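Here we start with a single chain on its own, the form predicted on its own, put down as structure tokens.
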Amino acid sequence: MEVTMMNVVKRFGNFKAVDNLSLTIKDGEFVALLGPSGCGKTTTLLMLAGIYKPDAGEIIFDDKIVNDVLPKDRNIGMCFQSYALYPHMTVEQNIAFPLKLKKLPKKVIDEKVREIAAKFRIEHLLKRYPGQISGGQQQRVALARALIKEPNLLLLDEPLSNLDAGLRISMRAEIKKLQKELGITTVFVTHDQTEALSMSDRIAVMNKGKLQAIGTPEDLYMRPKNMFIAGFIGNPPMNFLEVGYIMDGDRVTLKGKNFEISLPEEISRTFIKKQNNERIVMGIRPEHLSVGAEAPNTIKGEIYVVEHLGKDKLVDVKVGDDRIKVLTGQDFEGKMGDTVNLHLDFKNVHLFDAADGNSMKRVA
């Protein structure tokens, strides 16, 4: 089922929780709504579910406007962060409940419950009650209940946030695989950019009720449209440095308080030109920096702290009043107080307008 939201607005009093949102989710697509708390992503999900009614705009399932259609008539499956299982029912009864509402024969219900329980590896839990199983097991029961009625649209509201780290990783893979096997259009709300990047076909980034951008994980990560997206997606986050901007022919020179970087001509041509001496923001991700010998076009700084991240080290380098994070291998031996030279991967330098935060990268 294709889902379209056209100029959708949702207000709570004078507060506009969702502001003129237009978005199309293709049939069978897995789309994440990603953003910080309060950005409007859960409100958007609840409007798709029919729990909230939009104050303006249209919600369309295939070719049908569903603004006034009740949740029970939308053929959706929904899984909440809190699981919302019935505590007085066994796992088997919880999973079977949507099919009992449809008044399907008991034999059909039993077969479908066994089939979906096997997919989620919870066959041995069917006779237990929700209070007798772990949080991860409850999550799988909730997902099984949402999927057993074979909905046209699956809505997931931060379903992994209560799980421990190891189970969260395995459940990400399980949900993604199952969604592709079933081909169900899925909308997934999360504030965790790692979940969004690893699971989604496309990500819709929201902030303060507005859609910032929608694109593939690669597009949003490698070609962010503004500083909010660049800073929100990526772990560790992108470094931002305010710099001056000098044009010399086709070459751009960036002048910080304690460094000067001349971008190669072929890279300089990819940016929208600004006026000389205008302040802009340079962005570069920690993995696109390296530590090496002193050379032209490097940034000199002092190691502030070194963090061990398992296979990598995150080196925090102080450059004047700025701090720059650099991702290195475990073999890096620098220590606090050492002077280091930072080399930039120029292909992955981003420039942003300091006034509005928008990317200065040319759009082909």
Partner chain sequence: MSELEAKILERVTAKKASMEGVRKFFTALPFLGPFLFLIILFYLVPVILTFTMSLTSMDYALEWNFVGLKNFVRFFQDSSVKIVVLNTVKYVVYTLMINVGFGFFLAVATSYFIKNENLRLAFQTIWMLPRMTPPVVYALLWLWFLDPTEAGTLNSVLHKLFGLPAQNWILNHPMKVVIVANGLIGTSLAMVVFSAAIKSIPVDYFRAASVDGASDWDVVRHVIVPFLKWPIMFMTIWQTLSLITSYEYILLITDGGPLNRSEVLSLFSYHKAFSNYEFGYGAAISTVLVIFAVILAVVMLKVFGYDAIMMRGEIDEKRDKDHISF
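All of these numbers come straight from a predicted model, not from anything done at the bench. Numbering follows the first chain given and starts at 1.
Below, we turn to the form predicted together with its partner chain, even though it does not appear here.
Put simply, of 152, 82, 253, 194 only one has a heavy atom within 4.5 Å of its partner chain in the predicted bound form, and it is 82. The contact residue chosen from 267, 178, 281, 167 relative to its partner chain in the predicted bound form is 167, the criterion being a non-hydrogen atom within 4.5 angstroms.
Taking the partner from elsewhere, residue 31 is found to have every heavy atom lying beyond 4.5 Å of its partner chain in the predicted bound form. Shown alone here, residue 212 lies farther than 4.5 Å from its partner chain in the predicted bound form, counting heavy atoms only. The shortest heavy atom separation between residue 219 and its partner chain in the predicted bound form exceeds 4.5 Å. Its partner chain is not drawn, but in the predicted bound form it has no heavy atom within 4.5 Å of residue 231. Contact with its partner chain, judged by heavy atoms within 4.5 Å in the predicted bound form, is confined among 106-114, 201-209, 68-76, 259-267 to 68-76.
Contact residues in stretch 121-137 (any heavy atom within 4.5 Å of its partner chain, taken in the predicted bound form) are 121, 124, 128, 131, 132, 133, 134, 135, 137.
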